[in-house]
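The same protein chain appears twice below, in two forms, each given on its own as C-alpha cells and labelled structure 1 and structure 2.
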Structure 1
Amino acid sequence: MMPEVDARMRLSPGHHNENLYAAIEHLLSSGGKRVRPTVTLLTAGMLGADHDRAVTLAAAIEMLHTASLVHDDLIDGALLRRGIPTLNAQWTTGATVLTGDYVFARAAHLASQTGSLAVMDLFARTLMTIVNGEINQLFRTPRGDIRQDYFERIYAKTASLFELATTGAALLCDSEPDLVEKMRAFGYNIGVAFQIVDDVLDFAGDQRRVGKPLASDLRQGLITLPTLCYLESTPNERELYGLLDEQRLEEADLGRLIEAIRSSDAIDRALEEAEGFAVMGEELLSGMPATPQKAALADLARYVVRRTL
C-alpha cells in the first residue's frame, strides 16, 4: 500500500527549486514506519471509501507529520532522525524553515485534493492543535495538573493526527455522525497508546533508537508517563517536580532518577495504561464491517503497544 502513498507525496521534478526537490526526496527516503498512512488506508478500506481519495488523505497526513518533524528538529537542534542527518544538520535555518513551510503547503494541497471540505477543515484545525501544543511545550506554560498536562501534550503531539487519519477516512465516505465519532475515538485511543509506548521506549528502549540518549525527555525537564507513574508512587520524590520543571536537577541526580525509574515498576504501569487505551481502541471496532482491514486495524492496535522500536 505504501508505495502509492509515497508516490503521491513525491514532487514531480521540474516545477520546484532543485534543492527543495532533493530535500523532500531525502525526507521521504529516510523512511519511517508510515503508521499514520497505514491507519488512514485501513480505516478507509474498512468503511468502503474511494481508494484514490484515501491515498491522497494518507499522503496529506504523512506530509503534515513530516513538515512538523522538520521544524521540530530545527527547534530542538536535533542532528539525526532515524539515524539519518536532519535537514537542519546540513542546511541553514532559513532553508530548513522554508522547506518545512513548503511541505506544510504541499500537505494542505493534498488535503484539498481529497475533495472534502470537512476533511480540509479538520486538517487545518489539527495543524493548529499540533502547533499550539508545541508552543505550550516551548513556553512550558504551567497549566495545573501534571497528569492532565501530559495527556493534553500527547494529544496535541500525536493523538490529534491519528484522529485526523481515522476521522478523515470516515468523512471521505460521508459516514453518519456516530460512526465518525467512533472512528475519532478509535484514532484517539491508538494515538495515545502509540505515544505512551514511545515515551516508555525513551526509558527502556535499546541502542536501536539511534540519535537519542536515554530519557531524552527527562533530560529536557519534560515529564512523560513513566516519570509520572514513578513520582505518583513515591510521594517523597515529589519535590523533584519543581526541580525538573526549572531544569535545576544536577546531572548526578538526574542519572540516579533515571535509574530509579528504569528499575521501578513505573515502566510496566505506563505500559499497562497504553494497553488500556489500545484495548479501548480495539473495542470501538466492534460492529464495524467485518473486512480484512478491520482485522488489520485490531492487529495494529495490539502492535502499537508491543513494538520495541
Structure 2
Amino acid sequence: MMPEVDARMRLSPGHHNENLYAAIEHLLSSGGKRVRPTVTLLTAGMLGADHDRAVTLAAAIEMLHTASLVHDDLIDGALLRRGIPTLNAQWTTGATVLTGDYVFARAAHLASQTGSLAVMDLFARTLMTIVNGEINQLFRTPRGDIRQDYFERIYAKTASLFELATTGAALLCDSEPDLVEKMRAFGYNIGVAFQIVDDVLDFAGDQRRVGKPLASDLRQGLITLPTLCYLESTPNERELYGLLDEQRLEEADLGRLIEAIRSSDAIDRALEEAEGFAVMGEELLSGMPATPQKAALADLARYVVRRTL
C-alpha cells in the first residue's frame, strides 16, 4: 500500500518550477518510517473506508509531516536529517521557506481530494496546532510545570498528526461520534508513545543511524522526558533547568549532564511511561472489528515502544 501513497504524494496538481519537484523528490527519497500513513491505512481498512480516499488521506498526512520537517530543520539550523543533507543545507533561507510552504499547500490539496469537509477542517486545525506549538517553543517562558510543557509540546509536534491519521480515517467512514473519539484517543496515545521513544533515542540511540548528534534537544535547551525523569529524581540538579532554558549551561556541564542521564535510570523510566501510553492505545482497540488491520494496529502500538530507531 505504501507505494500507492508515495505515488500519490509525487502526483503534481499542476505545472510548477522544476526545483520544487526536485525538492519533493529529495524529501520523499530520504527515507522515513511512514508510520503515520500506515496508521491511516490500517485504521481505514479496519473501519471499512474507501481505499482510494484512504490512500489520499494517508498521502496528505505524510506530506504535512514532510512540510513540517522542512521548516523544523530550518528553524533548528539542522544540516542533516537521517544522515542526508537538509534542504536548508543546500538552499537559501528564502528558498527553503517557500518550498516548505509549497509542500504544505500540496498536503492541503491532497486533503481536499478526500471530499470530506470534516477531514479538511481537522487537517486545518492540525496544521494550526503544529505551527502554534513551534511558536510556543520559540517564545517559550518557564511556567514552572515542566511536565505539562513537555506533553503539550509533543502533542503539537507529533501526537496531533497521529490523531489526524486515526480520526481522519474514522471520519471517512462517517463513523458514530463515540467511535471517532475512541480512534482519536488511540492516535493520541500511540503518538505520545512514539515521541517519547524518539526522545529516548536522542540519548540512547546509535548516532550514525540517527543521523544527528545525540542529546541534540538538550543541547538546544529543550527538556524531554529522559531529562525530566532525571531532574525529578535528583532535586539537587533542578537549578540546571533554568540554565538549560536560557542556554547558559557551559559545555563541560552539559556533557556531564548528558552522561549522568545516560547512566541513570531516567531512560528506563521514560520508556516505562511510553509503554503505558502504548498499552492504553492498544486497549482502545477493544470492540473494534476483528480484522487483520486491527491486529496490525495492535502490533504497531507495541512496535512504537520497541523500535531502535
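FYI, numbering is relative to structure 1, first residue = 1. These numbers were taken from a predicted model, which means no experiment stands behind them. Throughout, rigid core stands for the largest set of C-alpha atoms superposing within 1.5 Å between the two forms.
By the stated condition, namely the form predicted on its own, the second structure is the one that fits. Core-aligned CA deviation for A295 between structures 1 and 2: less than 2 Å. After superposing the rigid core, the C-alpha of S286 moves by less than 2 Å between structures 1 and 2. Relative to the superposed rigid core, P13 shifts its CA by 9.4 Å between structures 1 and 2.
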